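Next up: a single chain in structure tokens, the form predicted alone.
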């Protein structure tokens, strides 16, 4: 009798839970938030590309995922965002190859000055199979690259015209935090000042640095054209931006979900390439006509001669990059025929 009395309250509780438990259709659907971080403004090709990425996933898998894109370094600069990506707090990050050098020496290749003979060779290498071996080289860091974005050709800009290496003697030039970038500036007789991209405008304005190096979009998207008046086409680097993803997140996806995310990645890649080409033309026009920036041609051959030893030194110190350099040389040869 005592056992029946004890069981009765439990039975009532079970009935109560059954009657008042919300049905699956009434229960709130929990979506996985997918956070994308980059340091560029919202009119930049990187942001435009990732909005297309988000739109594709939200339209195909909106019942399970919600993709949000955070630009303007709202989730931290590239270095901090990569650290958060390692933990899974951020799912995707767009960063420069210089930021990835800390996780894989292979990405240091792109900091070698005059690595590619022209843009055709650069695109041929980036679209080939060999470069994809790099993508997994950061796995120990907890993330992997999933695609690349065009980040143009990097050149110097300053308050004075830079036409030959001698013009840079004694100048303080901002560079991305990479040993090879520092070596390049020092070989040109200038002082290298590694600093975050978001600090460059103020540093130029206050005279903390005399110049910087980047693609043309830096003149308008972050207003560097307001504080420098000469953009010198020495064209020392062609560096892509990389879209990297947290490994744990990628591994959590089903085959169907991963296929959609891969589709979105390819869409973002194609959108970015088109947006980049369009914006470079607009940027040059705006910088020249509204910011009074003068674009000048530098003595590229002179810069190449001074910087030539950097490649050989890097190869000696990092022999694992040899096969990649051989493939780049092959692409350079094919593009010049």
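What you see is a predicted model; the values in this text were computed from it and never measured. Residue numbers count along the first chain shown, from 1.
One more form of this protein, predicted in complex with alpha-D-glucopyranuronic acid (GCU), exists but is not displayed; see below.
The closest heavy atom approach of residue 232 to alpha-D-glucopyranuronic acid (GCU) in the predicted bound form falls outside 4.5 Å. Using a 4.5 angstroms threshold between heavy atoms, residue 176 counts as touching alpha-D-glucopyranuronic acid (GCU) in the predicted bound form.
Looking at residue 228, you'd find every heavy atom of it more than 4.5 angstroms from alpha-D-glucopyranuronic acid (GCU) in the predicted bound form. For residue 154, a non-hydrogen atom is located within 4.5 Å of alpha-D-glucopyranuronic acid (GCU) in the predicted bound form, even though that partner is not displayed.
The partner is not drawn, yet in the predicted bound form one stretch among 67-75, 211-219, 261-269, 129-137 has residues with heavy atoms inside 4.5 Å of alpha-D-glucopyranuronic acid (GCU): 211-219. Interface residue among 204, 95, 90, 121, judged by heavy atoms within 4.5 Å of alpha-D-glucopyranuronic acid (GCU) in the predicted bound form: 95. For the options 114, 197, 249, 103, the residue carrying a heavy atom within 4.5 angstroms of alpha-D-glucopyranuronic acid (GCU) in the predicted bound form is 197. For the stretch 33-60, the set of residues having any non-hydrogen atom within 4.5 angstroms of alpha-D-glucopyranuronic acid (GCU) in the predicted bound form comprises only 40.
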